[in-house]
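Next comes just one chain, in structure tokens: the form predicted on its own.
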């Protein structure tokens, strides 16, 4: 499938900023399952952009802008060719062993209720892969509508108890439960064709399965990712794979507007 992405993020500040430094995880990497045909990251002000690779193998762009800055617009456009691999990731950059992704973070705190829900959903399944698929499907039934929305800041346990979730929350629930059963799991940020208006990138999870490697699971659909997905960044949780993270020097508040279009050509 040929997928085009137009992702625009605008920050407006109530007072001019003296300096902005941001890490942009907005660029997908080539794997055997996706090929980046074209990709561009741009800003609408004088800024220095430096490309690098972080410790997890993600392509990152460091952005440095000197003020005074009243607003900044980050535009990402590109085209990616994808193939359906039934959720199995082939040829990704993996600088760290899978066991690193057994580490629990604050955002992937499990909680007793989510632990019990995961155990119940996996009880009748067979091998580890079947159990993960069963839990993914159960999460989708429990949370049938998980929009791609701004980060709630909730832990997996808090989002589960609240009874509603974004795609980020649902991915962190999957990760927290998988790690509790000694399965390495990680957060994935990227793009998905779903026909709906989007105000944030999509999120799903990957678990490391013996003899298969990393396999994707999307609680938003209850299925594994197909060729309608573009994989961009991985992390221990939503914070570790955030599309934009950084600091600013200056007083005042900020407003964030996101316009995102993902389509098939």
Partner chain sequence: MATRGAFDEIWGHGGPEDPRPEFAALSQWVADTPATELQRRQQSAEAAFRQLGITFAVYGDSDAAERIIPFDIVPRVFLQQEWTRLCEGLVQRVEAINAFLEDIYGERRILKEGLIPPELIYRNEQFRPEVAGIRPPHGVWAHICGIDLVRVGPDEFYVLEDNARTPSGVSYMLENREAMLRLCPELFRDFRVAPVDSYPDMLLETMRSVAPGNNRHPVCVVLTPGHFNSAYYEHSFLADSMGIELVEAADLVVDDDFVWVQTIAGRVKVDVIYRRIDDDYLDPLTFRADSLLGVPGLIGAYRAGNVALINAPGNGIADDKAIYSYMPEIVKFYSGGEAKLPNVETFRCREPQALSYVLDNLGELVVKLVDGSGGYGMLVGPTATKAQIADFRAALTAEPHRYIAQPTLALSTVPTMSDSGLAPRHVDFRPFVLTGSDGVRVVPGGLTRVALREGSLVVNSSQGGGTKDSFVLLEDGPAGQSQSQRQSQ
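Positions refer to the first chain, counted from 1. Model, not experiment: these values are computed from the prediction.
Beyond the structure shown, there is the form predicted in complex with the partner chain, which is absent from this document and is the topic of what follows.
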Requested in this report: Would you point out which of 109-117, 74-82, 137-145, 91-99 contains residues with a non-hydrogen atom within 4.5 Å of the partner chain in the predicted complex?
Outcome: 91-99
Query raised in the report: Does the partner chain come within 4.5 Å of any heavy atom of residue 62 in the predicted complex?
Result: yes
Report task. Answer with yes or no whether residue 162 is in contact with the partner chain in the predicted complex, where contact means some heavy atom within 4.5 Å. Result -> no
Query raised in the report: Quick one: does residue 52 come within 4.5 Å of the partner chain in the predicted complex, counting heavy atoms only?
Result: yes
Requested in this report: Please run the contact check for residue 247 against the partner chain in the predicted complex: heavy atoms, 4.5 angstroms, yes or no?
Outcome: yes
Report summary line: Only hit among 70, 66, 227, 30 for heavy atom within 4.5 Å of the partner chain in the predicted complex is 66
Report summary line: Residue within 4.5 Å of the partner chain in the predicted complex by heavy atom, from 243, 22, 17, 9, is 22
Query raised in the report: For this chain shown on its own, do 203, 211 and 261 all sit within 4.5 Å of the partner chain in the predicted complex, going by heavy atoms?
Result: no
